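To begin, one chain is listed below as structure tokens, in the form predicted on its own.
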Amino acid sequence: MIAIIGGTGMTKLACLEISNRRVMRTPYGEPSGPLTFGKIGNHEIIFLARHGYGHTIPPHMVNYRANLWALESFKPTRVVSVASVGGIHGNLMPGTIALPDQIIDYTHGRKFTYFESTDRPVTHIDFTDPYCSVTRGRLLEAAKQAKEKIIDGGVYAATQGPRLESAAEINRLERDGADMVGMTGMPEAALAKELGLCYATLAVVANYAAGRGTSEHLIRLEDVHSVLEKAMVNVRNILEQLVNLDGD
């Protein structure tokens, strides 16, 4: 069973034949919303809207620990995060889909670990490769099968939000080696690693980052929504093929 976390632009999965929804309780509070169970084709999946089904939870207030804990309780074979990003690198134009392989964390004040108890030894997870190589490989193959273009690799800069970044901040992120910028990549990736989940992110470029391209002076949010609406069709095509690959 594959678990899919939908971000901005994907509060529901149009290709999903829903069977039931389940309200979950975890030791870390409630997830962003009920888990949605259903099928794509003949294959079972779980879907969760990261920002809530009405898109009401801002990035810095998402209960990432509860979300991942709830999904892990059903032992998914892999978890795919769909996240909107701003494109920093020149080849990440609006509407592009990328598969990051690295991440830099600029967030602060978020509940970022399950290992915070003092009654057991300190635990350090290896975060050299933040994303599951097997899941990334499956997504690349799924994109190929779906005949959808995807950029393999890239550094995701996770910022605090909910405001967008200044042009100077984007320049700094670029100097740090970032190719794209989003607000939900961390601590989600690290928590998935702590739980042993096979996790990867499909990053959808919603706009040029501040100071770049058509965002040189202003990021027009109405354009962002239009781009995401079109790009999510391509994302769904990839996810349908991924489910078929895993099912086979």
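A residue's number is simply how far along the shown sequence it sits, counting from 1. Fair warning: this is a prediction, and the values are worked out from it, not measured in the lab.
Unshown form predicted together with a small molecule; subsequent notes refer to it.
- With the partner omitted here, the stretch from 22-30, 35-43, 66-74, 199-207 that lies within 4.5 Å of the small molecule by heavy atoms in the predicted complex is 199-207.
- Proximity of Ile219 to the small molecule in the predicted complex: non-hydrogen atoms within 4.5 Å are present.
- Of the heavy atoms in Ile104, none are within 4.5 Å of the small molecule in the predicted complex.
- With a 4.5 Å cutoff on heavy atoms, Thr135 does not count as touching the small molecule in the predicted complex; it lies far away.
- Mapping the unseen interface onto this chain, Leu164 counts among the residues with a heavy atom inside 4.5 Å of the small molecule in the predicted complex.
- A heavy atom within 4.5 Å of the small molecule in the predicted complex is found for one listed residue only; from Ala178, Val79, Val85, Leu139, this is Val85.
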